[in-house]
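Just one chain follows, in the form predicted on its own, and it is written as structure tokens.
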Amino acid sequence: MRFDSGDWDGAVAALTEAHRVAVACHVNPDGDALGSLLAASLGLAQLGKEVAASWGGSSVEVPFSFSFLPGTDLLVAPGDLPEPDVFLALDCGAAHRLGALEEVAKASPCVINVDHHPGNDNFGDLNVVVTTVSSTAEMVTRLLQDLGVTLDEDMATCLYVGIVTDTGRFQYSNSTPDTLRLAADLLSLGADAPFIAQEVYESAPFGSLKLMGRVLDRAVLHEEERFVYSWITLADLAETGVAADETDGLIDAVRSTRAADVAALFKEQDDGNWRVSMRSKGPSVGEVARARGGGGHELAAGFTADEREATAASIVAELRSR
């Protein structure tokens, strides 16, 4: 049993016995979700399992900054995910984070929920939820090892991406000595840290510079509450030529000021709602996100809102009352 998780051995046994496995992560996958998804899929395929991987969005188009990751040939459209013996859900803090695949999971004989987010609703038949680890990728590494998978360069690359992105390039407090030792092990297996850093963090299109200028220029600072926020509109994306999946790093620019402890970036969606990413240097933004139907970690979380300014005002009020 790993991580003192009571369902760990059951998850290993269920995956060992399964013939067909569906692997899924949350909608709008980040580096940890996608790296975990692809590494788990590659590992299970190595064991001879029939594997299909997906997430519950409108498509399974891999974000530009992660397009170099191996294992994408195992991805299928959400509607093409076959009925599995085991449904392996990765990096999902709640069942609804599976999006269109939530119903597929409910119909599966066995759902294994592997996650590290506080507040996980334990939606699986087997729940391996460990909030003290850096990333779901860290858990997937140990899961693959206990399944008898021989980790190779492709899996190491995916797992390293999951870890390096969810630790903020090892800047966040979740970067434990065990995390750094595991990252070193993955590098020894062939993960190329300089190449990964360049692809993930230094390969933005030129239009991203223009978009960043807009985001920083319109940033609003609430000094007393030490809160800063900004926003991206659909018009911004169209005028700068930047795709929505190329904007994830902009929250780091907003949060970089010493004048604020909490930052938020509002991104307008096609349906008129706003996808809100939050980061914190101390106060919990996980509470803020979960109270609004979202989720995440205490220092990095997100949710969806139907209004921008009213939501920003509510966050200011909540921070003021603490």
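Start at 1 with the first residue shown and count on from there. Because the structure is predicted, anything quoted here is derived from the model rather than measured.
Only in words, not in the display: the form predicted together with guanosine-5'-monophosphate, which the text now covers.
- Just one of Arg169, Lys210, Arg142, His96 comes within 4.5 Å of guanosine-5'-monophosphate in the predicted bound form, counting any heavy atom, and that one is His96.
- The shortest heavy atom separation between Gly296 and guanosine-5'-monophosphate in the predicted bound form is within 4.5 Å.
- A residue is said to contact a partner when one of its heavy atoms sits within 4.5 Å of a partner heavy atom; Ala301 meets this definition for guanosine-5'-monophosphate in the predicted bound form.
- Taking the partner from the other structure, guanosine-5'-monophosphate in the predicted bound form has a heavy atom within 4.5 Å of a heavy atom of Ser277.
- Under a 4.5 angstroms non-hydrogen atom cutoff, guanosine-5'-monophosphate in the predicted bound form has His117 among its neighbouring residues.
- Only one segment in the set 194-202, 96-104, 155-163, 122-130 has any non-hydrogen atom within 4.5 angstroms of guanosine-5'-monophosphate in the predicted bound form, and it is 96-104.
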